[in-house]
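Next up is one chain by itself, shown in structure tokens, the form predicted on its own.
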């Protein structure tokens, strides 16, 4: 770390979606698509580097809801059936495209890709992706982190510190149950920070977290070195700021690498291009058009003028972009190091799903970055924020400003005229749960009453997820987001009424526990302030 450190941070999160009552549920495909195009390709990148004895180091945050879904045997079985179905569709495509050599070659590419995905999932990982990530954590390749229990947007839950504390605490408990030790760092959902949150993190044993650039630059005292040195929040908890330059270079479809004309076009998929009757056996309910992952075009041109995708050419471009990224970070760090008393730290955080799902070549790019960095020992050094803090533990003291990495930089994406009705209901439910927790905390309870109180807390946690107001504002699957919030709150209200009246349908309670099979160690007593 002679000149500085580059910290690549990937944040992997999906909302909890598990429908044992449905054979093929549309929103479960969010998970299956991410597994096929992102999580499995990333693990294969890590495996190849380890097999080739290439040293590498980066950070990966896994949300509690995602961890729970990846570990769920029911969803694991559904995923296998999902990929088998896609292999069947790819087989049909190989036949359909025989008259078009370029498309036929791509159809065979997808058939091979899907068959290898299924083989790796079943034979190499035995369906257990968390153990595969844990192996790289134990080898020192990954710094694994986590986030709040259901990815609740903490600034808008902070009217109750108990709500925030339990989002943090239950998230950490879930992580430790899967990985055997607590994380050193914490990903604030949507990088949403408010002054005072650092006290909750310190209480939970967290050493550092991330904020967007302006969270550091608009701190109570502007730091001399800006975002290139962490802030001590006054209690030993460190705040690292996002480097916009490196983020924009990778994340932006307009200014960054993913918009290059050689890369695969995400928005042209045979699920929307081909005849419905042909696709029906592979679509939800046989009629709902969805992305299949089989895409024949690259980014070039307008909707009807796109050129055919060439995977080898795209991979070559990804390696060139990796070299470009490293060269720019090297120049950036060399320039910063001349003006700083200590080596700078450049933090580059991204949604993990960018790599493979949205940007199909993203895993190729990442592997090239890690290989090229390792091949130049005197060049750019990659690591985790905890590595930096071990060498440089003392930093300026200040309080970051309220901020997020959402549009406009604050809370407007999660509270606006599309979704502001949510929060009075959440706050009312939180207040009711806290009162009930204090009422029943020290009493001997019948088994059904304790289960009902715990399930009420679980329902509230699931209603607090940041994904639902985000979807409402972004305008995608709005009906589903509305249904999820109202369903969770309706379940909460039913349970609270049953508790007050000392009467509950235990079969219905069991059904709710089955549908929301998450956070088994949850204890309602923790909601008594």
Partner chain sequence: MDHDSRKIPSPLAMKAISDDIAQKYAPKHASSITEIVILPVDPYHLHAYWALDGEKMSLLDDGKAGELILRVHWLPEAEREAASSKLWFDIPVAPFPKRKQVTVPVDATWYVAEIGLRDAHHQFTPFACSNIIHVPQARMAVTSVQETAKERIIRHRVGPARPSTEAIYDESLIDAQIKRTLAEKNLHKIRALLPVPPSITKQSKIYDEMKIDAAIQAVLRQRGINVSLEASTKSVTDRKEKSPSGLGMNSSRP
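From a predicted model like this one, the values you see are computed outputs, not experimental measurements. Residue numbers count along the first chain shown, from 1.
From this point on, the text means the form predicted in complex with its partner chain, which you will not see here.
- Looking at its partner chain in the predicted complex, residues 262, 321 and 369 place no heavy atom within 4.5 Å of it.
- A single residue from the set 43, 489, 58, 504 has any heavy atom within 4.5 angstroms of its partner chain in the predicted complex; that residue is 489.
- With the partner removed from view, the residue among 280, 159, 307, 438 that has a non-hydrogen atom within 4.5 Å of its partner chain in the predicted complex turns out to be 159.
- Listed stretches are 109-117, 201-209, 86-94, 396-404; the contact stretch with its partner chain in the predicted complex is 396-404, by a heavy atom cutoff of 4.5 Å.
- Contact annotation for residue 224: none of its heavy atoms lies within 4.5 Å of its partner chain in the predicted complex.
- Interface residue remark: residue 66 is not counted as part of the site for its partner chain in the predicted complex, having no heavy atom within 4.5 Å.
- Contact check for residue 358: a heavy atom falls within 4.5 Å of its partner chain in the predicted complex.
- Not displayed here, its partner chain is approached by residue 420 to within 4.5 Å at the level of heavy atoms in the predicted complex.
- Residues 486, 487, 489, 490, 491, 493, 494, 497, 507, 508, 510, 511, 512 are the ones in 485-512 with at least one heavy atom within 4.5 Å of its partner chain in the predicted complex, listed in sequence order.
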